[in-house]
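Heads up, what comes next is one protein chain in two forms, each shown on its own as structure tokens, labelled structure 1 and structure 2.
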Structure 1
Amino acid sequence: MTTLAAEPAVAVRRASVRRLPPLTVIISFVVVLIMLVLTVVPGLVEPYNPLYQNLFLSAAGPTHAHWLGTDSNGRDVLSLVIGGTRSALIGPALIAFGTVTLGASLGMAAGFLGGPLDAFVNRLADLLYALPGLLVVIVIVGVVGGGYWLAVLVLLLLSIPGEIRLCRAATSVQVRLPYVEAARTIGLPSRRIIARHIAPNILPTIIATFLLDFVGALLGLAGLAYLGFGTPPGAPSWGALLYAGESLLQQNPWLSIAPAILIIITATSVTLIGDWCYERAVRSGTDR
């Protein structure tokens, strides 16, 4: 009797262990949580004002007072890196959210309704796909001079085609399934079918594309800042720090190393979380 009673408890413990994310994913969640804290309240951990200059300490290496040294203007590198977290994460988050909201809506509507709407959405996606994204952003931001938020807007628009195509393809598969035909038969409106039935079933695709869009936007904005576009001159930015550190590799290589490490760690962590969430969503959908 004792053995029989213990077997369900053992099974429950094993199931809970299987539900736990791998160690790499746990570490990735910790990294993302730290980045969120640095984004929301950077002033709590910044040792100095990132814009404060001390020309007597220009391009100095790491010391007890400045753990990562200073840049050519005598600004604390650690404070600059922490201050750059906000521009590094907020823009990509807005791009990913806007891309998923607009792209998924258009893709699901096109895949479900078909006809002229499907043709129009496909041609729109083809047109945006044909544009050289980075070159378009550089030209628009360089000519208009709109800065960071204009770069965010342009990258958002150029990221929509991928979301449209993925969600349209996933919706087209769902439309042929019996549950959609049953919903149509009982007279449910198209909007309700898409929102309450199709969207939950393609949620793994939406989750995966959201996080991949975030990573792509993170790298894109960092690349633009490296080229001198998007962020105002002197503003803390990981990409701008990479560029500024090129000329100071002999004096203080941490000016380039620190933001490069943060870009790699953040992009890798978000990608690992996205893969894990996608697998969990697919597995839960299969179990249902």
Structure 2
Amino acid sequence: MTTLAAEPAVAVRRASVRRLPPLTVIISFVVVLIMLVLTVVPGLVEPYNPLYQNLFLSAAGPTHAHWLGTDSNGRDVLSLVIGGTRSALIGPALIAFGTVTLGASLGMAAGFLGGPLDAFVNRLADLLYALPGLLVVIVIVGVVGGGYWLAVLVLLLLSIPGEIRLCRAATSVQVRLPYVEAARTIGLPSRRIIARHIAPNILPTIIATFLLDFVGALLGLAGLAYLGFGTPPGAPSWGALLYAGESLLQQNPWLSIAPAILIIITATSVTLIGDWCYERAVRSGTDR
């Protein structure tokens, strides 16, 4: 490439670094930051102990003392919702991390090496695409009678084949490019080509899928908890609160509305950040 052609590309790249992310993305980052604080130190903002029961105040509407009212056991709804952040985020974070680590490495290996591993992984992904995944989790977790961590494990296992397929597709595009050919020609081992050359190039896909997997797992786990499967023992959970509030919609609708709103804004914020990261990475990739 000549110097003349390279110069405008550099200028464009500088401009894209200096540009601030759009307002929606900034708000999303703030939301996620708040959620992280609530996950790490919920006690800092909880007005009450979420498990403290005041049976004189059963299912009361909002007051000055209890901004979002109380549930049927007289527990403070605001504190319950804040306390539920931890179980709402930790499971999905583990699922997304596990899916991306295992799925991306297997996917890149399948795309790079081909052969029987590739064929097997493809059939497996076909099978799982044809089944309603969340229903499989409901049946397994319900029949086995396991809790939160079993739900996390099953969701993790079910989301791996999809991740493998996405990374495999991204890898098979890269494998045909000259730089992989060059790396092969100078005799680099496959492991090094995958880790040092292919992985950085499909990073946008990996980041986007990490955040997408996170959102999917968040909605899945909350849905399971709503149905009464895989709730964390002794800790409040958004899905379980949603269910408890359904029969109290007349008395104190906030018990359902508050977790519903939190689920929606968390999922939307993470999705928006994912889209933004993906677009940014793709843009800087083409400028390079």
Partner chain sequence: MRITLFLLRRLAGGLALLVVLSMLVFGLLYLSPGSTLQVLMGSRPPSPALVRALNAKYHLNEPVVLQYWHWLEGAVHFNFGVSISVETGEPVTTLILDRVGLSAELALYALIIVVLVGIPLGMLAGTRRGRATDRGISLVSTAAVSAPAYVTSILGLYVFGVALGWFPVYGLGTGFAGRLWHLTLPALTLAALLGAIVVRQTRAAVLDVVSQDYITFARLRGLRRGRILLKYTLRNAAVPVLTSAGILLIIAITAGLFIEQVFSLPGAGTLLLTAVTDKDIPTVQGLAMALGILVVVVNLLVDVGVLILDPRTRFSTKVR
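Note that the rigid core is defined as the largest set of C-alphas that superpose within 1.5 Å between two forms. No experiment lies behind these values; they were computed from the predicted model shown. Here, residue number means position along structure 1's sequence, counting from 1.
Matching the description of the form predicted on its own is structure 1; structure 2 comes from elsewhere. After superposition on the rigid core, the Cα of P132 moves by 2 Å or more between structures 1 and 2.
Core-superposed comparison between structures 1 and 2: the Cα of N122 travels 2 Å or more.
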